[in-house]
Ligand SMILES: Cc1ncc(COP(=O)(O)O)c(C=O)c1O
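As a starting point, one isolated chain is supplied in structure tokens, in the form predicted on its own.
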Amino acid sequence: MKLEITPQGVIAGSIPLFAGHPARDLLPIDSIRETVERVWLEPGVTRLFNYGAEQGNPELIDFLVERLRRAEKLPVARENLMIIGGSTWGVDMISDQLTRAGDVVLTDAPSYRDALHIFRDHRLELRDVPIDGAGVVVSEMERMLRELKAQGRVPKFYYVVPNFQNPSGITMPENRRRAIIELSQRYGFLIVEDDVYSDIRFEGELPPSFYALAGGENVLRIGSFSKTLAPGLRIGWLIGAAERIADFVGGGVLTMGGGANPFTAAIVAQYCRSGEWEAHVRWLRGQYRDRRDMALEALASAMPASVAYTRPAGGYFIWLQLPRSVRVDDLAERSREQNVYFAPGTGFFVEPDAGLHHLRLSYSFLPPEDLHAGIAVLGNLIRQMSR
């Protein structure tokens, strides 16, 4: 059961530990309003109410290209990047243009449940590869690829959230990324890198992206402003080889309807070019790090020793493994009676039963008092159910 988050707020009295959303009190509402006013007063603002360039807002493209070169030393050019309507648009567009019903797609086990939903919408055959504390188990991926090859089949792509993964919070190290790139080259599949959490890093350095390690070949990398600015803006970006980006830009949807959200993209471009977005991201890291620390503190206090959980270095999520005596559906039913809601692990696997003893908690959306209260309720219930 998914609790509705209404425009007015979460249902009164509930604690939605499932909500992988930016915290409403951390949204830069005032500065975005000021940016809208500046855009509104620009000469020629009426052009933003027309169809936009298929590739997206040119100023936003230029900003993102410059930032990728500066922050990651990534040798991208304008032709390697397009603006999209959030990561959801990107995942759906890639599935629509690169696959046909029945094609095989590889994912992690567990993986982002809404991406699995999109792949199912496209009638794709999903094969999920187990992960451990460092991400996908490469030997298992290779075994699966050998089996598919023996059947005369090759996956269309491997979908991965490499940094602070949704749902586990795990970050894949460089050696595994390189091993997967080698497999993709040997077996001939694309890598779709959904990298929407990399800016929400609390500690350490991130490994180079799949895109960087592969030299920009055979990798599509998705980014988004949803986690670091506001999801309602529906603006993200896609990086890839120039010829692939050209194919997407020349697709029927963009040719008919123009680029992604031209008015919103102009606002985001103005906000980014002013330096406010990068300053906001630096501030956000501290805010979410504090919430992560509070959630880990609450888990250490509330959970019995039989519960294992991840300790993410960034992002929004903590992944819990329950004792075998506790089924997540039973726990969800009991926690709902106390108005505490979480994301059961069953939704993050191709085969739902694989998640019967797992759950995802989000620390991004809630204030500290609700984090502590909700985790305390879960800890008490798990202790009762473990007896």
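Bear in mind the structure is a predicted one, so any value in this text is a computation, not a measurement. Sequential numbering from 1, following the sequence displayed.
Another form, the form predicted together with this ligand, is not on view; read the next lines as being about it.
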Candidate from I94, V161, L238, I200 lying within 4.5 Å of this ligand in the predicted bound form - any heavy atom: V161
The unique member of F119, Y112, Y309, F248 whose heavy atoms fall within 4.5 Å of this ligand in the predicted bound form: Y112
Option from 251 to 259, 79 to 87, 278 to 286, 170 to 178 whose residues, in the predicted bound form, bring a heavy atom within 4.5 Å of this ligand: 79 to 87
Non-hydrogen atom within 4.5 angstroms of this ligand in the predicted bound form for each of P28, T35 and R273: no
Partner contact for S224 in the predicted bound form: this ligand, 4.5 angstroms, heavy atom: yes
V196: touches this ligand in the predicted bound form, heavy atom cutoff 4.5 angstroms: yes
Close approach of K156 to this ligand in the predicted bound form, 4.5 Å, heavy atom: no
Non-hydrogen atom contact T107 with this ligand in the predicted bound form at 4.5 angstroms: no
Neighbours of this ligand in the predicted bound form among 164 to 188 [non-hydrogen atom within 4.5 angstroms]: N166
